[in-house]
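Below you'll find only one chain, the form predicted alone, shown as structure tokens.
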């Protein structure tokens, strides 16, 4: 049963140098057409299920003005929210206003994800961000004042000319915000980004690892649970929506380039705005075999620090987890650990876990 929804808002007031997502400069005429098309897609595809997690991402959803946000919230009232729902919206500090915060509150948003990315002006400029840390502090305080206690901030590290001391200062600043969730990402120079076009390269892998280790040790020592490769949360504040992905559960994706997983089908929406407005929503439809589904379950499940529960896996897929692929061999080599009913990536191997996950691809 599909119980989660992702909605993509592709508009931004500026384009960050590292961003490879589908996005456009904010344009009022485009937003109106887009929201109309989004409403049609949702009404066409949504089957009336109870929705446990709802996530509005982008792009920059907070780049929409008040009337556009009101229109968006009117569209999504079609979803039947579970009593214990999680409703996240992504925001940037520079276009988050008191009026928008109140609107979020009035429309059942109960989780905010803020694009902080860095706290040092030099690195904010490198990433193409349009805020400073003082503004972040101001907006986080405002969110808390109006009752938002489930707040995530994103941190990007492994930037050009960045040192361990720079990362340490970022962590000190972020910890001073006392937010419930922190997502951390090593900078990847991806195709179709400003950094790629400029010919930038990723930093030395050894330094990248030292930064990852510093982040992990620092956040854990301050009470954050490292529950997924890139994510840390205070107890009880793990992202329910992202856990849907990592648990290989079903979800809808609405809007440009959004992905869905329903039944045994993965759907990727078009990233062509003209096609989308004409109702040609899908770019790719992939019918998954039983082996495909198991492969996704392993690749996604092993991203979680606790890994995959053997009993739950058997109940869902009717196959013993350690009978698949070369899992027994990986356990013997201590790349995977079998303990307390779970199989998980050895903690000292998490940084290079892609070298382990490759074992479950293409067989």
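Positions refer to the first chain, counted from 1. Remember, predicted model here, so these are calculated numbers, not experimental data.
There is also a form predicted together with a small molecule; it is not shown, and the following applies to it.
For the small molecule in the predicted bound form, the listed stretch (76-84, 216-224, 170-178, 115-123) containing residues with heavy atoms inside 4.5 Å is 115-123. The partner is absent here; in the predicted bound form, the one residue of 129, 100, 139, 241 having a heavy atom within 4.5 Å of the small molecule is 129. The contact with the small molecule in the predicted bound form, taken as any heavy atom within 4.5 Å, belongs to 156 out of 211, 229, 258, 156. In the predicted bound form, the small molecule sits within 4.5 Å of a heavy atom belonging to residue 185. Under a 4.5 angstroms non-hydrogen atom cutoff, the small molecule in the predicted bound form has residue 21 among its neighbouring residues. In the predicted bound form, the small molecule lies within 4.5 Å of some heavy atom of residue 59. Not displayed here, the small molecule is kept clear of residue 286 by more than 4.5 Å at the level of heavy atoms in the predicted bound form.
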